[in-house]
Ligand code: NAP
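Coming up is one lone chain in structure tokens, specifically the form predicted on its own.
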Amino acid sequence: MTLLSINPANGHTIAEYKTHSQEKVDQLIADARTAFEDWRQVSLTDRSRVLSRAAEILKTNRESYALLMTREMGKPLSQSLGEIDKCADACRFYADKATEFLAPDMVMTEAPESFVCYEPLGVVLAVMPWNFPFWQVFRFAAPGLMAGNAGLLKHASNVSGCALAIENIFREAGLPDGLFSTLLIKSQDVERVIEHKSVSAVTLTGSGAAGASVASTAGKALKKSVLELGGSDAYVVLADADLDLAARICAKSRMNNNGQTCIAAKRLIVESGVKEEFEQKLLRQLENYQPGDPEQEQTNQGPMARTDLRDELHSQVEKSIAAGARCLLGGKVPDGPGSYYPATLLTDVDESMPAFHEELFGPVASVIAASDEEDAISKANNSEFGLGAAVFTSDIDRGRHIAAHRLEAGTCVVNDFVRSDPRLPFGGIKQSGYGRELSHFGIREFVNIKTVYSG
């Protein structure tokens, strides 16, 4: 069997990768476990040298890695370059901060000495998606490796080139042989890997269905799992907001990565008194995005990653329009090769439509009217998802209160767009998953939080 890498800009096959046999997978798992036993004894100082070297390799070869990413999944080249830089930053961050994050915590008890220490778990399987093919992996790998774990990567099949490139980065950086390997397998083979006795835990970024399957398998095997799943982020625009700012940020968030990000501004919930004015400003912002060749520097919107994903998105748009939504921009599948879909703006969206309840994973913004602040917050929280959310208001204290205490999501921001940052924890609630990545919370997800006391 083979895994195909297809350029979504033109439909041409880039490469074919032969899947690993069951025997090869077993050998890679065994190698990871053997390498882990040595790596866990390596000092944090020496581990940090490897991560720092990985950051250098990323920066030195950023253009070639970015081009590979763009060709495999269609991200505009400028955004691919930014993604590589972000991966390098994450490596440096954990190289610098792991000693602090993993330092034992002394606790006063009746015993002469009591403390909590953080020991690595073992081999962690990462099941990663195609939309941020480098960042999603480094988001898991940088803290996981610094914590002393081994890593196995099952990447999305359409970005196998990126997966192998990342494996080579760590090898070139000095990671011991076998400690981080790519498994070229199909999705149906993941269950067996999770169940393997030498695999200690699993992390997944992906769809709710994939998350439920992985969580079920991990639960049956009594193994730790972390899930970062879908999102239908609500951006609440209150009547006192700076509408120019809100429109600019909502458009940028919605169109980032060709609209294919879990934390994009998807449901724009606007107080009725400013809805029409906001729509016109947002429309002008979205008109600036024109699909083009993602390898060209000036292109700000590339194709979607696959044609089937484009067609699924278009179906959601058509169903929403049939239910009463109005399309102010886009909404038509263009002629020609590639998986392109235009920037699309839907308005008069309500709870009866896919554009309200489902995740629209592509360049489609949905405007939803709210009678007042309470109605806006209620509609924002009326979702099975809880990954990110935002509120726009000129009253910063009001905005902070809403973000901190009223919106139901893992990350909430005021007058800005949701993003991940190595310094801050990232993850969701409800059907958007559980557990946290990044910051000191992320590095402690796959460790044994061990209590030690001496009498």
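Numbering starts at 1 and runs along the sequence shown. The shown structure was predicted, so the numbers you read here are calculated from the model rather than taken from an experiment.
Although not depicted, the form predicted in complex with this ligand is the subject of the following passage.
Stretch-level contact analysis of 174 to 182, 93 to 101, 292 to 300, 124 to 132 against this ligand in the predicted bound form, using heavy atoms and a 4.5 Å limit, identifies 124 to 132. When contacts are judged by a 4.5 Å heavy atom cut-off, L229 counts as touching this ligand in the predicted bound form.
Within this chain, A156 lines the site of this ligand in the predicted bound form, having a heavy atom no more than 4.5 Å away. This ligand in the predicted bound form comes within 4.5 Å of a heavy atom belonging to C262. For S200, no non-hydrogen atom is located within 4.5 Å of this ligand in the predicted bound form, even though that partner is not displayed.
Proximity to this ligand in the predicted bound form, defined as a heavy atom within 4.5 Å, holds among S366, Q136, S80, S253 only for Q136. Between this ligand and the residues V214, L328, A88, A165, the one pair within 4.5 Å by heavy atoms in the predicted bound form involves V214. For the stretch 184 to 211, the set of residues having any non-hydrogen atom within 4.5 angstroms of this ligand in the predicted bound form comprises S187, V190, L204, T205, G206, S207, A210, in sequence order.
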